[in-house]
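Encoded as structure tokens, the following chain is the form predicted on its own, with no partner shown.
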């Protein structure tokens, strides 16, 4: 009989504690970000959940399905696109107000720094992520061929 690692039960005290801590952290961030207006904070959280579930999730699910279908038999390549795309998308989601320039005046007033350059920096980080993924892919393909050539 194969040895199985026990999985923690969903809803265990540890999971509940982590979930409560994350909600507390998000509530604190929302209070700081939205000047303590409880209605606006609740609206922001509900809106973020709805936008994610009804707009973003279907979009990246369709994009991922197209990527997998387009890869055909070479599905092992998909990870090398999926990971940098997910990280780039996460950075875009987190820093969208600054990347889009929608809050640059407010940001400059609060932080004392200019918000200029965020779109270029995000594009540079995205290029580095995809470039690094391409290098890792090339090294693994080359290493795989070298190992395969030495066995014959």
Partner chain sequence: MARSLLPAPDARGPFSPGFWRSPLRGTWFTSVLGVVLLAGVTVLFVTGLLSYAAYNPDLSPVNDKTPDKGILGFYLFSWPTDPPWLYRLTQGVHVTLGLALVPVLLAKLWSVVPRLFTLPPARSLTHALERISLLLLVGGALFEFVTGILNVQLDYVFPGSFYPLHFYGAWVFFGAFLAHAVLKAPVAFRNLRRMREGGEERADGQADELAAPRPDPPTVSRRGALGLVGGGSLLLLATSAGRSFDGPLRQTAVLTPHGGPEPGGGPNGFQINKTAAYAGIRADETGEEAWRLAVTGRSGTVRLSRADLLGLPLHSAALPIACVEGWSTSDQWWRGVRLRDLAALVGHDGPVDVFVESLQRRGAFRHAALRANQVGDPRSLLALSVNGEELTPDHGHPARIIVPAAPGVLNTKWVARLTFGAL
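We call the rigid core whatever largest set of C-alpha positions still superposes within 1.5 Å between the two forms. The structure displayed is predicted, hence computed values, not measured ones. Residue numbers count along the first chain shown, from 1.
Not pictured, yet referred to below: the form predicted in complex with the partner chain.
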Contact label in the model of the complex: residue 129 to the partner chain, heavy atom within 4.5 Å: yes
Residue 63, heavy atom within 4.5 angstroms of the partner chain in the model of the complex: no
Partner contact for residue 55 in the model of the complex: the partner chain, 4.5 angstroms, heavy atom: no
4.5 Å heavy atom contact, residue 140 and the partner chain in the model of the complex: no
Residues from 80-94 in contact with the partner chain (non-hydrogen atom within 4.5 Å) in the model of the complex: 82, 83, 86, 87, 90, 91, 93, 94
Flag for residue 139, CA shift 2 Å or larger between this form and the one not shown after aligning core: no
Residue 47 C-alpha relocation of at least 2 Å between this form and the one not shown, rigid core basis: yes
Is_shifted residue 99 between this form and the one not shown (CA, 2 Å cut-off, rigid core): no
